[in-house]
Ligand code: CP
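First, one chain by itself: the form predicted on its own, in structure tokens.
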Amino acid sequence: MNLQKDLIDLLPLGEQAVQELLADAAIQKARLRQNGPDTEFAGRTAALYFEKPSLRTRVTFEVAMNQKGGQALHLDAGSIGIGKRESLADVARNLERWLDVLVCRTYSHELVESLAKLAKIPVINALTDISHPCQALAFGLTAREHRGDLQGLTVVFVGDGNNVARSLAELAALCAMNFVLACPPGFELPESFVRQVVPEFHRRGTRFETIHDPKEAVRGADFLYSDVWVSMGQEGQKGEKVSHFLPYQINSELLEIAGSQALVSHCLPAHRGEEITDLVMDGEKAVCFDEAENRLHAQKAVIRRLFRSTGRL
């Protein structure tokens, strides 16, 4: 897989590329506000292959293409039937003849990796069960807007060691932030990933920690971050998981323990009253909807970078 051609995960990109993406996302946001839409992507087409429901991801990728003068189309996963009606390789060979970028939101991380290997066009991971790099970039832009330089800041993910937690940890490692996962025992990030990412923190003099006591974990945090306790496709585990996660709700008490400097974000959609309360989510410390807005600008930056790397800009 050509890492310059695709965005599958953040860690392989490296520190410089991630910093450049965040800087360009800020530029794209400012340009839109000052000058409105432009035609930089004129004649370019993105296809969105989505196996999972979506609000923010689908809308922001489609609007990103439209605001830059390109077009986007939605590929119905049931109709295409990758690996059922025809082989994955044949699907990739067809799509690369028509498209300029393929955006994938799937259950299987391996499917996105395979498409990236097989197709000559850029492939973007718009969420898999393993990672969510576009969400992490949107958080990075939001954190920059509210706190300036990211170096030395601490983000505490309160909840399951899931795909969003993994990508936020990668972002934190590359941007010299500290990362803490506050989770119940048994819901940590995979040990194989921890072994991979911890040296990146050590290299920059920052820390990666897993702490099972949420009150201890959040003290002094710059950002508290949450996600649903039960991810898409895991609904059958809800009863079991909720019993473990009840102490890991971001509420007024936990926010007060974190300190007056702490801001709160959530990748959305939120299950209000479970992982986060209405009072916190609608309060002055919440930047969840700033981050949702920034999905648009971060994704423009990703597409621009991949178009440049493949000669499309």
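Numbering starts at 1 and runs along the sequence shown. Just so we're clear, the structure is a prediction, and the values are computed from it rather than from any experiment.
Although it is not shown, the form predicted together with the ligand is what the next lines describe.
Asks: If the criterion is a non-hydrogen atom within 4.5 angstroms, does every one of 54, 105 and 267 touch the ligand in the predicted complex?
Replies: Yes, the whole candidate spot contacts the ligand.
Asks: Though only this chain appears here, would residue 300 touch the ligand in the predicted complex if you measure heavy atom gaps against 4.5 Å?
Replies: Output for residue 300 is no: heavy atoms all beyond 4.5 Å of the ligand.
Asks: Examine residue 125 and determine whether its closest non-hydrogen atom to the ligand in the predicted complex is within 4.5 angstroms.
Replies: Flag for residue 125 set to no.
Asks: Based on heavy atom distances of 4.5 Å or less, which listed stretch (179 to 187, 128 to 136, 202 to 210, 95 to 103) is in contact with the ligand in the predicted complex?
Replies: It is 128 to 136 that comes within 4.5 Å of the partner.
Asks: Check each residue of 283 to 303 against the ligand in the predicted complex and list those with a heavy atom within 4.5 Å, in sequence order.
Replies: Sequence-ordered list has one entry, 295.
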